[in-house]
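In the block that follows, a single chain appears as structure tokens, in the form predicted on its own.
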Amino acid sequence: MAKTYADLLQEVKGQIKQVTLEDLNDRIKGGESITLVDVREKDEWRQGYIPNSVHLPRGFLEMQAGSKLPDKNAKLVVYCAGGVRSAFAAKVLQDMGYTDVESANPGYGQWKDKGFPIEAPFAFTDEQLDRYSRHLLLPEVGEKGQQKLLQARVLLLGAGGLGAPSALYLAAAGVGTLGIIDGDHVDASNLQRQVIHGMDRVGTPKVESAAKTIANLNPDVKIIPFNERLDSSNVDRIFDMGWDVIVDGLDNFPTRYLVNDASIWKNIPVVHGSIFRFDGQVTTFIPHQGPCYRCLYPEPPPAHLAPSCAEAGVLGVLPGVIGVLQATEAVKIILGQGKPLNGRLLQYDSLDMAFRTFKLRHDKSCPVCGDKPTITEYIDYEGFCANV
């Protein structure tokens, strides 16, 4: 005889563990290590969920369980609105090899009615759900990740060759606040590589030009412009504004050393990039978790060995590659996903179309991040670099 829906449900409930809402709440409050799995649909999730839940809609369970629930021995408690979908989902997870799965019975509706802890997700507008739809499809980003991006604050040092592509892609990704510091004006010679500017902006401050382009690209993004050059007199004022990441597109050594020292003392990650002719490089400095800029370059090279782009030239498309890599690193840090280039240097040779990665080591004798730092306040950075 064919089984009815009621027969299937009864059979499934007999094959899985079930937990009452009161017991689940007590276990959570007691600090038990539990992974909560919410198998409701997106529109239900947006009405609220149990804190720290993994959202895995029932329709995507088999497809996404491996990425969202990588530990098959973890203690899982599945819940839905009323306890039915979670029962079937728990059985599927058992069949997929998960060893410790329970189903909450009843579900979220009564959990909320009982006054147990709930959390409301970030309230996306319909326009945002459409704009960031491709991010929302990625398990590594999703709505929680996009919320992190929209609430993040990134400071871009420079609106030039590296800052231009970085700013464009960070804005497009929905990074909610971008600070841009640059004291220069747009020049016609910039347009070969600084794609955030245009002919109608020649002669205007770069931060104003960049802000205008970004406002047209993504109205979600707030721009904080600093039409000034970074130095020891303003670094504290600018860096103390709650930045999550700094994207360094600078082209001079004194300011790079200043940024290094300030970022270590203020515990702000820095994504560093540089370009020269046909070559570029990217690395990420995370304070107290690896080497710093001074570990890599204890002292600046002589001026004749490190000419600027204005002196040596640069392939116009090169900054686009390096700037986008920097933006990628910043997004990864904000999301807490992937492996940043902390302790690694990525070099790019555009002529050979070759990428190489080198390991970087923390210098225990580094004067700023070493075991016994000797530089504990800002120095004369211009003088330090001039003495080489």
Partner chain sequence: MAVTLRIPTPLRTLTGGADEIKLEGATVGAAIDALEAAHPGIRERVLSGEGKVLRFVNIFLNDDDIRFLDGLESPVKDGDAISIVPAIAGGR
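Residue numbers count along the first chain shown, from 1. Note that the structure is a prediction, hence the values are computed from the model and not measured.
Omitted from view is the form predicted together with its partner chain, to which the following refers.
Asks: Among 345-353, 63-71, 43-51, 332-340, mark the stretch whose residues have heavy atoms within 4.5 Å of its partner chain in the predicted complex.
Replies: Checking each option against the 4.5 Å cut-off leaves 345-353.
Asks: Does residue 122 reach its partner chain in the predicted complex, with heavy atoms at most 4.5 Å apart?
Replies: No - in the predicted complex, heavy atoms of residue 122 and its partner chain never come within 4.5 Å of each other.
Asks: Quick one: does residue 274 come within 4.5 Å of its partner chain in the predicted complex, counting heavy atoms only?
Replies: Yes, contact at 4.5 Å.
Asks: Does its partner chain get within 4.5 angstroms of any non-hydrogen atom of residue 298 in the predicted complex?
Replies: The answer is yes: residue 298 has a heavy atom within 4.5 Å of its partner chain.
Asks: Taking heavy atoms and a 4.5 Å cut-off, does residue 251 contact its partner chain in the predicted complex?
Replies: Yes.
Asks: Please tell me which of 148, 131, 112, 256 lies within 4.5 Å of its partner chain in the predicted complex, judged by heavy atoms.
Replies: Contact with its partner chain in the predicted complex is made by 256 alone.
Asks: Among 324, 36, 360, 28, which has any heavy atom within 4.5 Å of its partner chain in the predicted complex?
Replies: Exactly one residue meets the criterion: 360.
Asks: Considering only 173-189, what residues come within 4.5 Å of its partner chain in the predicted complex, judged by heavy atoms?
Replies: The stretch touches the partner through 184 alone.
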